[in-house]
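Next comes just one chain, in structure tokens: the form predicted alone.
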Amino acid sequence: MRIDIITCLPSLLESPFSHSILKRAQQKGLVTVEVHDLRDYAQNKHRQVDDYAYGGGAGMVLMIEPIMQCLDHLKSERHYDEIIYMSPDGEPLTQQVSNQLSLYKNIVILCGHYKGVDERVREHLITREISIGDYVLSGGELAAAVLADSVIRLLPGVLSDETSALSDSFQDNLIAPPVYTRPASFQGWKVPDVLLSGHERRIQEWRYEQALKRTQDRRPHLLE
């Protein structure tokens, strides 16, 4: 899989892809993540990619020309299954969305900044808009990293135990059950006996019951 991320502040994305699972996934050749500096496609010597909004108002807006130049360059090299814009008013990022995107070969993620992008970008160049929550960030870079992480970890071979992702919260519309590790007793707080029993069927039944209860208590809408 290949993920191209377009941003006017590429340094914000250096750390998320340089550590842990995402770093190893790239080293294994399971995913390629390329970050593109939007300023490289600016139409002036000052590398300006934003301007004041027509009609006035606070904040700057990312211009359409450098974005289109960058997208045209990328699309000249390969076909993209989705060109995604990270936006507070996009469709909510869910596990099902991540599952779907993980099946694609190439995607682009455009990061907004300042007051966002020229609306014509959204109308004519973007194929999908995604939000990671009903709040506003300084830019789309952190949101892009969240989306990429949620997708990359699903790729075959990325996790050492490929069944791990299948038991994550939301995969079956249930929140994951509680988990425990050593020691079995700590300051009088004990691990449930069933998890120490070695009885696989009863352990699986307990986990399902706990997942159902936790979902009913914390995310009842998932059961609807």
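Sequential numbering from 1, following the sequence displayed. The structure presented is a predicted model; accordingly, all values stated were derived computationally and were not measured.
Absent from the display: the form predicted in complex with a small molecule. The rest refers to it.
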Can you tell me whether Val121 touches the small molecule? I mean in the predicted bound form, with a 4.5 angstroms heavy atom cut-off. no
Does Leu103 reach the small molecule in the predicted bound form if we count a contact as any heavy atom within 4.5 Å? no
Hey, in the predicted bound form, is Ile130 touching the small molecule, heavy atoms inside 4.5 Å? yes
I'd like to know whether Asn99 contacts the small molecule in the predicted bound form, with contact meaning heavy atoms within 4.5 angstroms. no
Which listed residue (Leu71, Met86, Ile107, Leu154) meets the criterion of a heavy atom within 4.5 Å of the small molecule in the predicted bound form? Met86
